[in-house]
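Coming up is one lone chain in structure tokens, specifically the form predicted alone.
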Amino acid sequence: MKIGVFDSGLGGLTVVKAMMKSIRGAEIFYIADTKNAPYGEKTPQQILQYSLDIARYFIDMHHIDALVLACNTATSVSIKTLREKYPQLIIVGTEPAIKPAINKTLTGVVGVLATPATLRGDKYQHLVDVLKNGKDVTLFEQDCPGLVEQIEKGEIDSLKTKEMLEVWLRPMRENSVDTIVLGCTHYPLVDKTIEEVMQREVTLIHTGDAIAKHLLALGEEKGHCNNGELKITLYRTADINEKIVSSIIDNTEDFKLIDIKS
């Protein structure tokens, strides 16, 4: 199975890391579209075009069988169009894990951290409306402009990052939030900083493992035999913080890192 995975930067590698735990006998091609990062602050038209261009690249260059949108923002904007355009592909998206958060919360108060584009999107609003129906749950939704850029620069626990998170998380801390949805694949990279700012143990929910399991199930339905070597190639459309890559993925010396024009 040949799998194309993309995000606006390094965050989608948290999904690749989850895929590495369960998928075998496959080739993974990952594009960090750092030239156009962050997607969460772009227009829907821009995000859709980036997604279409990357999908076309994967199909033309690597003849992929599956496409993973390892980006909540790209999923909310473009997955419907991509599925209509490429019905032959397995296409798996990423969306905020509201359902497991609602199931896990003990206080009934859930926080959601996401990009501005994700929280504005119709897909997210519809998801919330459906899942909250009949549930006694309060959501604290917070967009996090600039956090992706901090992570991409490697400022995982810098003073500036902590100050940004303090502003966003203080209302959650003061209102008994016990479960936080990490609604961007970058945000698991600051999970320890989030816990530090919350000043207590909280349940942080992200979707990497669920995406990997879902992709594997769909692949096996189409005949994928899940054994053998897993090959991974990383592409970048602009400079990338290789230290962050190494902090996410072990054995990066086994990977190829290739520059491409976006």
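Here the structure is a predicted model, which is why all the values come from computation and not from measurement. Residue numbers here begin at 1 and follow the sequence given.
One more form of this protein exists, namely the form predicted in complex with D-glutamic acid (DGL); it is left out here, but the text below deals with it.
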Non-hydrogen atom contact V148 with D-glutamic acid (DGL) in the model of the complex at 4.5 angstroms: yes
V77 within 4.5 Å of D-glutamic acid (DGL) in the model of the complex, heavy atoms: no
4.5 Å heavy atom contact, T115 and D-glutamic acid (DGL) in the model of the complex: yes
Partner-facing stretch of 56-64, 226-234, 39-47, 210-218, counted where any non-hydrogen atom is within 4.5 angstroms of D-glutamic acid (DGL) in the model of the complex: 39-47
Contacts with D-glutamic acid (DGL) in the model of the complex, stretch 1-33 (heavy atom within 4.5 Å): D7, S8
